[in-house]
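Given as structure tokens, the chain that follows is alone and in the form predicted alone.
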């Protein structure tokens, strides 16, 4: 019988594996995510992280001058506290993590690995996971690799110039799609479920207890691949003021644009932190806090002003948010 997951207090008191010195933007949601993932890996097992090329890699692994992963300045005395980090190109994080798991399984099988089976965690951005690396992600899930994958969803290729990503919301401005595209983004949650993931979740660290539960469950999944999509407001790419990251993380779920969600294969899932229709914040409350949507709506003297002639586009975004909630409810029942 599986051990119960730690409480939020127990999780918060665990030793972190993400340390000072990174070069991420002040207030970046990815840094908060890494702290939570770091605590979840403090479970008595060695941890191996694979990082594809994304902001969270280039800002934390500037070897030899900057390495922001570990449990302190000295090597830990306990093997279960040790941490290995592997950098790989954009699309390969799930594949490298799968290879690490396969090697560990072989060593365990011949008796060469006597410690508890390691935590194997892949970290990447949405561009690397769902654009360049979609094939790698789906193949790893389909092969039921026993790894946890955390995908940072900032809707652009943030560390190479804020180019368009297929996860972008309709009409979201980017460097290669000025003014955005009208099409709905890729159904990333549905793809992971349909591919056969053992555990699929979407959650923001802005909802701290929920995200801690999700991180712990993902890392402790032992019957297949766990995939967690993390809505990650990007200060530089979305063009918003520092200090709004958590507020945007909450509004992303509450409006229905990126609802909190979790589902274990073969069991009913749940959509959380989204009010019922009619009680949700309208999407424009989320949009006006980011200049990437200022061509649709903006704040003028503290009031939301819709750009004349763009009312229909705003209605399309609201329709997408409402349909998105209903789609996730269907996936929860799948």
Partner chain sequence: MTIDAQFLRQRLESGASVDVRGDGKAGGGLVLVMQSFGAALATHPELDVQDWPLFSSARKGANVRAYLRLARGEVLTACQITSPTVAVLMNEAAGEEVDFAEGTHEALYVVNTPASPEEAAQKYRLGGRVVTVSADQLGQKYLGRPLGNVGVLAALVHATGFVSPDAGLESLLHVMKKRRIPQRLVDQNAELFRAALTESRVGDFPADPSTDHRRPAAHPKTDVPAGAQSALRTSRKNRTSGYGRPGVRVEFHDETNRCNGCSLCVVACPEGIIEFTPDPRGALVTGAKFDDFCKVCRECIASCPLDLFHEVETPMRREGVLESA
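Positions refer to the first chain, counted from 1. Basically, rigid core = biggest C-alpha set you can superpose within 1.5 Å across the two forms. Everything numeric here is computed off the predicted structure, so don't read it as measured data.
Form predicted in complex with its partner chain: not shown, discussed below.
At the 4.5 Å threshold, heavy atoms of residue 221 stay clear of its partner chain in the predicted complex, well away from it. In the predicted complex, its partner chain sits beyond 4.5 Å of every heavy atom of residue 268. Interface residue remark: residue 291 is counted as part of the site for its partner chain in the predicted complex, having a heavy atom within 4.5 Å.
Using a 4.5 Å cutoff between non-hydrogen atoms, residue 102 does not count as a contact of its partner chain in the predicted complex. Exactly one listed residue, out of 92, 254, 174, 152, brings a non-hydrogen atom to within 4.5 Å of its partner chain in the predicted complex: 174.
178 is the sole member of 182, 178, 84, 116 with a non-hydrogen atom within 4.5 Å of its partner chain in the predicted complex. Note that among 27 to 35, 43 to 51, 276 to 284, 300 to 308, the stretch whose heavy atoms approach its partner chain to within 4.5 Å in the predicted complex is 27 to 35.
Relative to its partner chain in the predicted complex, residues 130, 132 and 146 are all farther than 4.5 Å at every heavy atom. Contact annotation for 245 to 282: residues with any non-hydrogen atom within 4.5 angstroms of its partner chain in the predicted complex are 245, 246, listed in sequence order.
Comparing the forms between this form and the one not shown on their rigid core, the Cα displacement of residue 9 reaches 2 Å or more.
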